[in-house]
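Take a look at this one chain, the form predicted on its own, written out in structure tokens.
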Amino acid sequence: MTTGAQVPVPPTTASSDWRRRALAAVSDAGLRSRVLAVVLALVTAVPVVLAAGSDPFEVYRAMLDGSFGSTLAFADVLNRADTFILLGLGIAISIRSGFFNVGAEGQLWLGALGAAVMALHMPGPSWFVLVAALVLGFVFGALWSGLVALLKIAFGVDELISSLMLNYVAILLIGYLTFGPMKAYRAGQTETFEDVELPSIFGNRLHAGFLLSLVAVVCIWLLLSRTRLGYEIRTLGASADAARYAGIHVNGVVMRVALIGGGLCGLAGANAVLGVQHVLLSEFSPGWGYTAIAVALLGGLGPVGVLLAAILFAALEVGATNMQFTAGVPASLGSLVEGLVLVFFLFSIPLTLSRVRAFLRRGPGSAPTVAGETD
């Protein structure tokens, strides 16, 4: 081999190319895009409020009071935010590696199932059963996500398809169990397990699950920025070919990311049933795993960003409940605003001022560049 010879790099597939572009665009979008998306979402929802015959200022004030107006209200926000934080972290770490796993909803349900089984049937001191329930929730979520990675590695099944289909399998499985073998005195739920619960902190309704989610934020930040696996995740997310030529075992990284991400989502399920619900219901989640995708994207796939986005979305949901009682506007307005935030954020990525200027400099015959792409 002659000095300076270049090793040919195999071309990337169209699938990996659009995922790389999407990852770069979401990661590189600035704070301005995120703040603008929230403001535009709130403004766009005003006609809906007016159509309901309500004053937008009163509606948004009721939403704000329901989220931050009292200590108990803020505790409810944080109790909802911890679920979004864990789910968002699990989704973010997967997407950062280019593994577009959208199975957080199914992993959430499996984690709740694992925690419920342990809390209902394991003997021993309550603190020991609590720890075991959290661990089993993590394991159940990790195994469910690991199945998605196994299908991708062994059979080439696209993770977007397999993870989405497994969500329905998980929901139907728990529906069968809560109406069948695990049914309590009323169909659709298990027995309650109030003796095994996350302890409250600061003397109010806030439970220790929020502290657990903060620990997870720190751990994921350290993993991504201070470890070899974090370097491998970032490299793989940027280019699978570059990762292979750097000597990274791609399939091994995908499997580890799937297990960690799924475990965090499973831990979110365990956290929800042990901290708030104290029972496993057939309608356990209203779609938190899907909402968490928006949380991860708005948070820029970074731990701190996910934390802030999770608190925002939790405040919207909790505040919308208070808004319904005090202002007479359906609580679904909160979900509408969440969806609009994501839509405006995604639209803002290619329309940021820097890209518009670049487009104008290059001339009308050229397309604006995508984040992470060079000329």
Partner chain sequence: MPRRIGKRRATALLLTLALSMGVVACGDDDESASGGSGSTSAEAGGTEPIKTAVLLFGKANDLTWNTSMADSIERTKGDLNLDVVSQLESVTAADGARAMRQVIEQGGAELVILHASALDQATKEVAKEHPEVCFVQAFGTGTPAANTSYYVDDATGVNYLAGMAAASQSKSGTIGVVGGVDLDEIVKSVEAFEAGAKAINPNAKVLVTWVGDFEDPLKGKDAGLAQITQGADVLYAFGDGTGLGTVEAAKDKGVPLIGAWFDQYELAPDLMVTSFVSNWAPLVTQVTEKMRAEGPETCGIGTFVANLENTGTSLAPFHDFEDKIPADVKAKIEEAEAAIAAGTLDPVTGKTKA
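Given the structure is predicted, the values throughout are model-derived calculations rather than measurements. Residue numbers count along the first chain shown, from 1.
Keep in mind the form predicted together with its partner chain is missing from the figure; the text below concerns it.
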| task | Choose one stretch from 157 to 165, 282 to 290, 233 to 241, 119 to 127: the one whose residues place a heavy atom within 4.5 angstroms of its partner chain in the model of the complex. | result | 282 to 290
| Partner contact for S332 in the model of the complex: its partner chain, 4.5 angstroms, heavy atom | yes
| query | Hey, in the model of the complex, does F57 get a heavy atom within 4.5 angstroms of its partner chain? | reply | no
| task | Report whether the minimum heavy atom distance between G188 and its partner chain in the model of the complex is within 4.5 Å. | result | yes
| message | At 4.5 Å between heavy atoms, is F179 in contact with its partner chain in the model of the complex? | response | yes
| message | By the heavy atom within 4.5 Å rule, which residue out of L31, V43, A52, V343 makes contact with its partner chain in the model of the complex? | response | A52
| remark: Partner-free chain; cross-checking its partner chain in the model of the complex, the single residue of S200, T192, N251, S225 with a heavy atom within 4.5 Å is T192
| query | Mind checking whether each of D82, R256 and G262 has a heavy atom within 4.5 Å of its partner chain in the model of the complex? | reply | no
| remark: When its partner chain is considered in the model of the complex, the residues of 49 to 79 having a heavy atom within 4.5 Å of it are A51, A52, G53, G66, L72, A73, D76
